[in-house]
Structure formats: structure tokens, C-alpha cells
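Provided below as C-alpha cells are two forms of one protein chain, presented individually as structure 1 and structure 2.
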Structure 1
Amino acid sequence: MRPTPDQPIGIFDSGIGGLTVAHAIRQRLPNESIIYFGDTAHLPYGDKSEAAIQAYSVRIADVLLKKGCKVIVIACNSASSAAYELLKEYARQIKIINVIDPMVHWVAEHHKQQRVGLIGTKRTVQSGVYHRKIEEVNQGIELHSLATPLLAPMIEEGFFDNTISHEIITRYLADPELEGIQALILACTHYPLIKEEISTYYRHQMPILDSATIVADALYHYLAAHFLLTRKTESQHQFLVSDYTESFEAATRIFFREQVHLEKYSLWN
């Protein structure tokens, strides 16, 4: 069945980091309804095998398809690098949008011939997907990437804007791999929460690229081009998590800029 305009947009991440993308989507497309899935039971994805992330992603896509989503946004770099190609095949009836391609296009357009840094989870960095795609666009961009595995769990636990986060961020950014870069890609949807701290490290002289608004824009253009923008004037959102804790719910206030009610949805039964 072809998707229709008034169906909701499905978004998923390993946890609540993808809410930064959901927030940007809500800003860009305020009338659209969103069904968000945070796989908090399996967080962090960044340390999981490709096969495990693929299995979780297929299961989540199933849930979002059953709930009638017209498009699925993989609001997670780790899942985008491990499971995008598979999901494209698996959920052929609808469009799958990942967070990597819109960023690569942005960099290709705005940072030609530059030395660009990237920080992300082990899964994202080890997959080499950004390197491959940036090479494909062939704009003379020299990519230097560094796995920063402590950052996503640190942020999920609410450690940012404090001395602990400051110390960890400083250690990572001082890595020789990132020396001499002219822009930095935040290749993890949790990192917009520490964007300001990162920018401060570079004395606000470094373009810090986060995918939230870039992906929201790509989604808008896709929906508009395919006549899939909703005609409704009111939106209704639903937030599902595979494991519920009160601290997750409280953290949504920071990630989504408003506290939302999380519903527990067990993935495997």
C-alpha cells in the first residue's frame, strides 16, 4: 500500500538522543504526528555488533510499520551505519531516511577541500561509512574520525555542562587525530546536547555540524516532493521505549525541550 499524507512519521534511536532529531522535525513540520521509538533496553548501540543492531532495527521498523508510519527516520548514526541498507530492503513500501546521507551532502556542499573532523560511537567510526560516502562525493574532503564511546552514555546519564563532561570532552578533542580540522561533524544524535561545550573548547571558532536540522530539512523536502505533507492542522505524538525508567522520562525535557510521557513497549513479545 502506498503511504498517504496523514500517516505519522516514525523515528527511532537507541535511546533518547534521537529526540534531538525529533525536536528539529517538530520545529520544521509542526503539523506532522510523530511516533518515536527509543530502544532504551539495548542502549548504547555504539558498542553493539552490526548483527545485533540490525536485529533491533528490523524489530523496531516492524512496530513503526504496524503503527502505519509513512516514513521512518533512523535518528541514530550507529543504526544508520549498521542497518540502513537492510531496512531499505525490509521496509520497501516506505522511505527510510538515515542521518548520514544528509550530513554528507551538507559537508560536500559547504566544506569542499577541507580537513573535517568527526566524532561518534565505535560502531559508526569503525563502519567507515562516512569515509566511504565522503569519498564518493569526491570534493577533496579529508576526513579524520575519532570514536568517543564515553560521550553517549555520559549524556544519557545527564552528565553535561559540568566538570566531568568538560574533562572528558577536552581529552577527546585534544586527540592528535583532530588536529588542524576546519569543521567538526557530530556523528551521534546525542551530541547536540554538548554542542555548546564542544564549541567553547574551540573558542567558538569552529563550525560544529549536527545533523538534527539538516535531517529535518531532508525529510521536509522528501515529503513535499512526494505530496506526503499532512493536511491536518494538529499533531499527535507518541513516545515508546523498550525499557522505562523515570530518569529517561525526565531527560526528555532536555532532549525534546519538553517533558513527554514515555510508554513502555516490549520489543520481543
Structure 2
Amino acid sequence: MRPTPDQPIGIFDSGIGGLTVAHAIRQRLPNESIIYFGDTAHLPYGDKSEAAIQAYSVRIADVLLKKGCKVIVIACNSASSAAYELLKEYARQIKIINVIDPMVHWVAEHHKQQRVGLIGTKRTVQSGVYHRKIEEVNQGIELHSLATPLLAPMIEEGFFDNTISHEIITRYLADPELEGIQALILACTHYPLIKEEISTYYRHQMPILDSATIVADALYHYLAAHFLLTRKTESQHQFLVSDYTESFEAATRIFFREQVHLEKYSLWN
């Protein structure tokens, strides 16, 4: 069946980092209802095999489809790389949006012939997915990627905007691989929380490309072009996790920037 405007938007991630994307979508589309699924039982996806990530992603997509979502946003770079093509086939009736393609399109349009840096998890960097997709658009972009594995756990533990985070961020950004870049891609959905610190390192002279806001814009334009913007004036949100702990619920305040209630939903019911 064709999706309708008043159905919710589905968003999923390996954990709670994708709530930065959910927050950006909420800011961009305040009337839209959101169903968020955090696969906290299997996080992080960065050290899982491609087959495992695909299996988890299909299960989650099935949950979101059964809940009537009109579009699904993969708010995770690892799942976007490993499972996007599979989910497009599995959920043909609705649009699947990943966090990689909107960023690549943005860079291709706004940073032609430039030296662009990228920081992300080991899996994202080692997959080479951004390199391949940017080469495909053929805009003379020179991409320089650096794995920054300490940043996501640092953020999850609440260490940002302090002396510890400043030191770790400085060590990474001073790496020779990022020397001379003209823009920096944040290729992890945790990183919007340290965007200001990163911008400060560059004295606010460097474009810092935040996948959360770029994905939210891409989603808005898709819904508008396909007449799927909601007609409702009030939104309702639901937050599901495959494993529940109090620490997960406490951390959601950091990523979504407001208190939410998490509901446990086992993927293997």
C-alpha cells in the first residue's frame, strides 16, 4: 500500500547515537511523529560482520513496517554501509534513507574541487564507502579519512565539552591525514554533540558537515516532493530499544536533548 502523510517516520540505529538524527528531524519537521528503534542489545555495529548487521537491520525494518512507518531512516553509518541496498529490496513499498548518500550529495554540490576530511568509526573508515561514493560523483573532491575510535565511547560516557574531550579531539584533528582540509565530514551520528568543540579547534573557520542536519533536510525535501508531509499539528513519539538499562535511558537525554521513555522490544520475539 502507498504510504500516507500522517504515518510516522521510522528511525533506527545500533544504539542511542542515532537520536542526534531524530533530534534534527524533530527540529526540521516538528509536526511529524517518530518511532525510534535503538538496537541496544547488539551495539556497537562497528565490530559486527556485514551479515549480522544485515540480519539486525531487516528485523528492525520489519518492526517499523508493522508499526506503519511511511519512511525509514537508517541513522547509523555502519548499517547504512552494510544494509542499505538490502533494505531497499526488503521494504520496497516505502523510501529508505541512509546517512551516507545525503552527505555525499551535499559535498558534491558545495565542496567541488576541495580537499575534504572525514572522521568516523574504524568500520566506517575502513569500509571505504565514502571514498567510493564521492569518486562516483566525480567532482574533483580529495577525501582524507581518519578513524577516531575513542570519540563515540567518550561521548556516550558524557565526556564532552571538558578538558578530556578537548585533549582527545585535538590529538585526532592534528593528525597529518587531516592537514590542509577545507571541510570536515562528521561520519558518526554521535559526533554532532562535539560539533562545537571541533569547530572551536578550527577557530570557526572550517565548514563542519553534520550528517544529522543534512539527513533531516534530505528527509524534508523527500516528503515535500512526494506530498507526504503530515497534516497533523501535534506529534507523538515512541522510543524502542532491544535491551533496556537505566543508563541507556539516562543517555537519551544527552542525544535527544530532552527526557524520553524507552520501551523494551525484543527483536527475537
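Here the structure is a predicted model, which means the values were calculated and not measured. Start at 1 and count along the sequence of structure 1; that gives the residue numbers used here. If you superpose the two forms and keep the largest set of C-alpha atoms that fall within 1.5 Å, you have the rigid core.
- Assignment of forms: the chain in structure 2 is the form predicted on its own, the chain in structure 1 is not.
- A hinge is where C-alphas change from fitting one rigid part better to fitting the other better; between the two structures, that place among Ile181, Leu223, Gln126, Asp101 is Asp101.
- Note on conformational change between the two structures: the chain splits into two rigid parts whose relative rotation, smaller against larger from C-alpha fits, is 11 degrees.
- On a core-based overlay, Ile164 has a Cα shift of 4.5 Å between the two structures.
- Relative to the superposed rigid core, Ile198 shifts its CA by 2.9 Å between the two structures.
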